[in-house]
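First, one chain by itself in structure tokens, the form predicted on its own.
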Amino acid sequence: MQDMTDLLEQAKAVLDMNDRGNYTQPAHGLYPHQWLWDSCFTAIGLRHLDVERAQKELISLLRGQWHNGMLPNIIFRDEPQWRTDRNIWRSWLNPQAPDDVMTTGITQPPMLAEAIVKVGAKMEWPERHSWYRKMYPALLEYHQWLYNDRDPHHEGLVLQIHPWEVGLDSTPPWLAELHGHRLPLWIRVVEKTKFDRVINLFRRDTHSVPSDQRFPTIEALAVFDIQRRLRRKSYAIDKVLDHSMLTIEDLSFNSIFIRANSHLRDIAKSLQEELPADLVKRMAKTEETLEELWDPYSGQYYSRDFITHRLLKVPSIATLLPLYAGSISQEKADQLVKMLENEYAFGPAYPVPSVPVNSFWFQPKRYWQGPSWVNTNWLIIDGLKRYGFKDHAAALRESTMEMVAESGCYEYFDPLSGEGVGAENFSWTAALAIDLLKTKK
């Protein structure tokens, strides 16, 4: 394994390369805008280099916050060459959208609270208090929006309306549901005539990354069609739920949300602020309801359909993220760790694969259908530490850093060989490698 000093310098260079002043783009070309959870992960690494710059990264996210509290997954650049990106979404169709910036109409995993706390940990208390005071109102509004907009029946879990909202864009549980629905006529025509081969030539994501590492074109079109349907309904949740193709209570999203709620409680307490009583009850309900996603027969957690409450029994890395939530029992944590130890499940040479190796869906180089990602590794490492699995956390930390040191700051990695795949010079890979290097305990 190469000198970790070299890795640190390489990671710094990637962040410098992608720095756009107030925020960091995930990667040049393929990802030119500001993404929600990308910036949160980036700030977690930047805090070790420049706390003020890390703060700026998160403050920049707030310019895209909607009037109802929603934080969008993308804030678009305003240069003329990105007009098409902005027009695809047309966030202005919803009166809750901000007036001065263009965004998408959906959100992403709520990593902001974690990032605020991690950045705050690098400050002395007076400065941290000011930092929390600055960020608290927007953070509180976001969590309230998630409950008000995405838990309409007060059942505890928040729902997602598009696979892009969960961050794990092509994760098998969502794709399985997508395949279970009848594709729109125009996509079926494209598939039958094999016109998807022509469309593939015009895809931005397959210009910079080999096509076998991304969504197949038919699936990409289906996901795009869902976005078009949301746009026609102006991203208003009441209209969306009237007739929605996919509404899922995603396990990974809700696990991250539980941890974010815990951080929100701590921030409020440190500011001597009292959270709204209804919000406190709903936060507790989320922790309780997560247990409804446990399947005793397979010994793991799954996402579920919002309407029917049917568990979507397609294994993915999401089953390990309740470790990060921190709300599950030690006994269940023990069972999840056994899956992490199994080389035929989540324990190949370069863990943790986004889909278990023994899954029908496993493809080691295709986006969220097999590769290992540094951000999900980081979440699992954090959870392992808090459940007392110090050796497991240390081993995963070492293998993750080795993977990045040997292959570079790629978007994701082949879990069998450690080869870097996806976009090169990827910001959260660089930032979280820095955090793993600087945080050993």
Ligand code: GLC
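Heads up: residue numbers just count along the shown sequence, starting at 1. None of these values were measured; they are calculated from a predicted model.
Omitted here: the form predicted together with the named molecule. The next part is about that form.
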(request) Identify which of 66, 410, 37, 387 has a heavy atom within 4.5 Å of the named molecule in the predicted bound form; exactly one of them does. (result) 37
(message) I need to confirm a contact call. Of 315, 167, 347, 364, which residue comes within 4.5 Å of the named molecule in the predicted bound form, counting heavy atoms only?
(response) 167
(message) Is it the case that residue 26, even though its partner is missing from this view, gets within 4.5 Å of the named molecule in the predicted bound form, heavy atoms only?
(response) yes
(request) Consider residue 217 of the chain shown here, and say whether it contacts the named molecule in the predicted bound form, taking contact as heavy atoms within 4.5 Å. (result) no
(request) Flag residue 369 as yes or no: does it have a non-hydrogen atom within 4.5 angstroms of any non-hydrogen atom of the named molecule in the predicted bound form? (result) no
(request) May I ask you to check whether residue 108 falls inside a 4.5 Å heavy atom distance of the named molecule in the predicted bound form? (result) yes
(request) Go through 27 to 35, 58 to 66, 392 to 400, 377 to 385 and give me the stretch that gets within 4.5 Å of the named molecule in the predicted bound form, heavy atoms only. (result) 27 to 35
